[in-house]
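Have a look below at one chain only, the form predicted alone, in structure tokens format.
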Amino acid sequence: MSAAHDLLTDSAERLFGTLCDQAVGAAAEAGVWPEALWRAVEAAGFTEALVPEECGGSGIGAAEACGALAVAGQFAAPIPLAETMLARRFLARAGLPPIAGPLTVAPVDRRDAVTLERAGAVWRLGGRVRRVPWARQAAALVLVTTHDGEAMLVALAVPAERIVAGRNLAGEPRDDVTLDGLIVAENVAPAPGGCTRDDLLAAGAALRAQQIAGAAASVLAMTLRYAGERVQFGRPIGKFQAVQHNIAMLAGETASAAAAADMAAAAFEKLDPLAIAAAKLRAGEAASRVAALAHQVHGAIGFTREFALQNATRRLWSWREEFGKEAHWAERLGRAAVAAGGDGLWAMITAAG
């Protein structure tokens, strides 16, 4: 990795290590917004890390920027960092005005239908988007839709009365939003290349892969520590062969998640759909196995609220489902393989890698 990646990661580790403990996570799950954490993250510039240099960004590459997101996943940071990074990138690339505060993106469910029609000098937006991350805390929603076959980007503040609160398994807000109102022309723009609805899903999947890798690393560290401290039959349980076998498999899956995250980060700038599909698919598989193996080693204590493990594993189970679960990306890869045919399959695999 580059020096910029190491610098950004070290800075993120110091910030989240200081401001993001288990108490902050528990308070956030109870509905308390972590204002101090969010202000520090914004002040550090992490929310702007994916804004391209030609759009006024810092010029940090996606691979470097994703390092901070993996650290946020490692500390189970209860903030919409991935969503805000992505929303600000889309706003900047479309030439829309920047928006301060936490942001989110939609639609994240392929079944959602959104309409955008001209209404004189303004636009009329309609429809409903489901499971929108952090909608109730977001200053604005950045929405990708179409008008007359052209991809469009819309930025809007969502009134609280149009939000139906929901949560994922990790307790993070995943809200349904009703879209029904007029949008001023200044908040609507044609979506440039890389900002279509398919691009949103792929970009979100690449960023979720970073968070999964970070959470998996945290789970491995907790499991190693617990296996060394928990004594049974006169010795640490980490000395037993069966436990060592589980830890070895856990370490392998964690390494696979990290490799998948690196692959997704490398594919982010061009949003290579096959590379991201393979990365999110493998990260999702690793998430499931990491959580299962860690809970096997910990036993019942791993599920208790007082123990930190469940903060990470609930996120692993949640994030693997978001921006396309394994079945979606496996189907994408399968269709591409069929289309490539026997002669083109090897070229497709090596190009995606």
Partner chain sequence: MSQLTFAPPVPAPEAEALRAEVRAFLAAELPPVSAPDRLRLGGRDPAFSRKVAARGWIGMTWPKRYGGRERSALERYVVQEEMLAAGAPVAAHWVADRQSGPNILRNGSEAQKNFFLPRIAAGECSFCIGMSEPDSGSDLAAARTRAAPVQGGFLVNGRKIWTSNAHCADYMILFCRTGEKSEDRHAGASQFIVDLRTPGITVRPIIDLAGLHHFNEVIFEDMFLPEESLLGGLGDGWRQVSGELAFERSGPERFLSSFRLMVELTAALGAEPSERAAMALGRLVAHVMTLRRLSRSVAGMLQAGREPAVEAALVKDLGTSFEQEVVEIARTLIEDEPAPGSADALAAVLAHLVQHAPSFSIRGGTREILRGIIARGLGLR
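What you see is a predicted model; the values in this text were computed from it and never measured. Positions refer to the first chain, counted from 1.
The same protein also exists as the form predicted in complex with the partner chain; that form is not shown, yet it is the one meant from here on.
Any idea which of 233-241, 96-104, 180-188, 77-85 reaches within 4.5 Å of the partner chain in the predicted complex, heavy atoms considered?
Of the options, only 233-241 has residues within 4.5 Å of the partner.
With a 4.5 Å heavy atom cut-off, would you call Ala248 a contact of the partner chain in the predicted complex?
Residue-level check for Ala248: yes, a contact with the partner chain.
Should Val129 be counted as a contact of the partner chain in the predicted complex, where contact means heavy atoms within 4.5 Å?
So Val129 does not count as contacting the partner chain.
Residue-level contact is defined here as any heavy atom of the residue lying within 4.5 Å of the partner chain in the predicted complex; does Asp10 satisfy this criterion?
No.
Flag Ala23 as yes or no: does it have a non-hydrogen atom within 4.5 angstroms of any non-hydrogen atom of the partner chain in the predicted complex?
Looking in the predicted complex, residue contacts with the partner chain do not include Ala23, since no heavy atom lies within 4.5 Å.
Please identify the residue among Ala138, Val142, Leu281, Leu200 with any heavy atom within 4.5 Å of the partner chain in the predicted complex.
When the partner chain is considered in the predicted complex, the option within 4.5 Å is Leu281.
To verify the annotation, which of these, Leu169, Val122, Ala221, Val164, has a non-hydrogen atom within 4.5 Å of the partner chain in the predicted complex?
Contact with the partner chain in the predicted complex is made by Ala221 alone.
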